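Presented as structure tokens, the chain that follows is alone, the form predicted on its own.
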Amino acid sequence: MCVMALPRSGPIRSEAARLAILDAAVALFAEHGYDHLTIEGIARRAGVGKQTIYRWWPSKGDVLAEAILEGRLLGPQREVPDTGDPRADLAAWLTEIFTLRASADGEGLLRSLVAASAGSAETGRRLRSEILAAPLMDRLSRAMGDAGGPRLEAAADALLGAVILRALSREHFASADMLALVDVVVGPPPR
């Protein structure tokens, strides 16, 4: 008796291969930076074919975006400090983001995230959701005295929009600018 296997409907993702690809991308990014990161290099380091990577991700930026979403890249920079002063926490977090952005790797990483988001609405939504996670929204809520809702989300979008615009224009942003930005977005500090 001959048993015929049913044809697959789409690629089956090997979790081991996926993790190897993400680990390889993070390691190569750390070693050589964004500009020298290639799909070929990731495939070689991960022990998979390039076609395996392209089956799941259209670009190196998308691979890095997934690494960020899974917490494999940008560990401490993703976390908003919690010192008890939400305004200072937000300004410190923005300073950390701009310090990262000012580095060669940070600039490349930001470009890759913008490109990955522009190329895939789903990636953009996932990145936005991850960035607007509980710690950022909590600090904004405490700074604004607001429990949530559209005003809080608009404040988060305004902060992140300022980060992206400054990063794309490659303008310097001083610590005093961070506090001014926080004040504009969340309102002046209580007297």
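Note that residue numbering begins at 1 and tracks the sequence as displayed. In this text, rigid core is short for the largest set of C-alphas that superpose within 1.5 Å between two forms. Note that this is a predicted model, so its numbers are computed, not measured.
There is also a form predicted together with another copy of the chain; it is not shown, and the following applies to it.
- Taking non-hydrogen atoms only, Ile131 never approaches another copy of the chain to within 4.5 angstroms in the predicted complex.
- Another copy of the chain in the predicted complex is not approached by Ala17, whose heavy atoms all lie more than 4.5 angstroms from it.
- Heavy atoms of Arg72 never reach within 4.5 Å of another copy of the chain in the predicted complex, leaving it off the interface.
- Taking non-hydrogen atoms only, His36 never approaches another copy of the chain to within 4.5 angstroms in the predicted complex.
- Contact with another copy of the chain in the predicted complex, judged by any heavy atom within 4.5 Å, is made by just one of Arg166, His32, Arg55, Arg44: Arg166.
- Across the options 46-54, 62-70, 121-129, 23-31, residues that bring heavy atoms within 4.5 Å of another copy of the chain in the predicted complex belong to 121-129.
- Applying a 4.5 Å heavy atom cutoff to another copy of the chain in the predicted complex picks out Glu153, Ala154, Ala155, Asp157, Ala158, Leu160, Gly161, Ala162, Ile164, Leu165, Arg166, Leu168, Ser169, Arg170, Glu171 from 152-174, in order along the sequence.
- For Arg166, the Cα coordinates differ by under 2 angstroms between this form and the one not shown after the core has been superposed.
- In contrast to the form presented, in the predicted complex the C-alpha positions of Arg166 and Asp62 spread farther apart by 3 Å or more.
- Shown here is a form in which the CA atoms of Gly33 and Leu168 lie at least 3 Å farther apart than they do in the predicted complex.
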